[in-house]
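Shown below, as structure tokens, is a lone chain in the form predicted alone; questions about how it binds or moves come after it.
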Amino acid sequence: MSTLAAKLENLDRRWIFLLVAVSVIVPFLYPMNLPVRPTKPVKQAFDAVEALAGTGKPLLLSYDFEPGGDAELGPVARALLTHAFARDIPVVVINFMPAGAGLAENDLKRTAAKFNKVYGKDYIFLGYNPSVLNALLLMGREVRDAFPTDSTGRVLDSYEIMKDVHSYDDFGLVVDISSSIQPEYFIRYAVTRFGAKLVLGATAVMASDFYPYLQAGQCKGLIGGMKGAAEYERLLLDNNMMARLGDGMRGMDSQSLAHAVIVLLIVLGNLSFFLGRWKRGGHHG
């Protein structure tokens, strides 16, 4: 025991860093597919999107996070896009955070390409608007008042997808994926004033702030962080809308394995401490 205690006490911390790094990286290369059980708020979000299939009404998706939130919210957005495209639901994307426009454009192009979707017919990106409050109010009357052109500068009337879309009434569902308090603006204006049907995606640390809106019925579903994305992906896999694990499930595999390794290291550290104390006590005795 004394030999084990000495080895643990003298273990080079670089081995610990390497072990944690390996536990984080390996699940991305070799997914573990750990069990994921969808929670009720995520299932409600999934059902709200699913209800749009066959209606012809587009999904309005607001991409309101920047690169710092992409690890958590990117998987949420891509899962929603995958669901919409798999069910042939038209997608209209807007953005109120300047650094998020590039993320939205990249995710749209990559996900749409997997389903052979055509820009202007199956999906469109209206670009960035710096005034979220003004835009949300204007969209209650006419989308073109807030976004007169798409992100490329072409007028919206030149696209088939926007032919009969003018206000919230013409969208089957509004989804705001945000790393800030922006969902509250959607609730106050899009939902309370104009009666839009809303689903929210939020970082894990902020998701609890929006549960009261979910319970009050102002929000029809809530996807919280990477865990929420993993749950949504599980629903997509179970319904044959994804062929392999998404970023959310791989991310949760990585997080779970890293947490297990850290707990093991804590246990070993405590074991080393108590063995060392036992040895010193025995020596003095």
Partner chain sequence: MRSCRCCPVFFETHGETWNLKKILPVAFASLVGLFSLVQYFVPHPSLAGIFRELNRWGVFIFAGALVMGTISLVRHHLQKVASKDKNWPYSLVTLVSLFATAGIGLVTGMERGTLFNDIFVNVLMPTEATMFSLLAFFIASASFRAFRARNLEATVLLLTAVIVMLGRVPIGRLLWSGMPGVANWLLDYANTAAKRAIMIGVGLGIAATAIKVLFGKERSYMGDDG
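Given the structure is predicted, the values throughout are model-derived calculations rather than measurements. Residue numbers count along the first chain shown, from 1.
Although not depicted, the form predicted together with its partner chain is the subject of the following passage.
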Stretch in contact, per heavy atom within 4.5 angstroms of its partner chain in the model of the complex, of 156 to 164, 80 to 88, 170 to 178, 202 to 210: 202 to 210
Touches its partner chain in the model of the complex: residue 99 (any heavy atom, 4.5 Å): yes
Any non-hydrogen atom of residue 39 within 4.5 angstroms of its partner chain in the model of the complex: yes
Residue 105 within 4.5 Å of its partner chain in the model of the complex, heavy atoms: yes
Proximity of residue 259 to its partner chain in the model of the complex, heavy atoms at 4.5 Å: yes
Within 4.5 Å of its partner chain in the model of the complex, all of 114, 242 and 276 (non-hydrogen atom): no
Interface residues of 210 to 231 toward its partner chain, as seen in the model of the complex [heavy atoms, 4.5 Å]: 211, 212, 213, 215, 216, 227, 231
Direction of Cα pair change residue 27-residue 103 in the model of the complex, magnitude 3 angstroms or more: farther
Distance trend in the model of the complex - C-alpha atoms of residue 17 and residue 204, change of 3 Å or more: closer
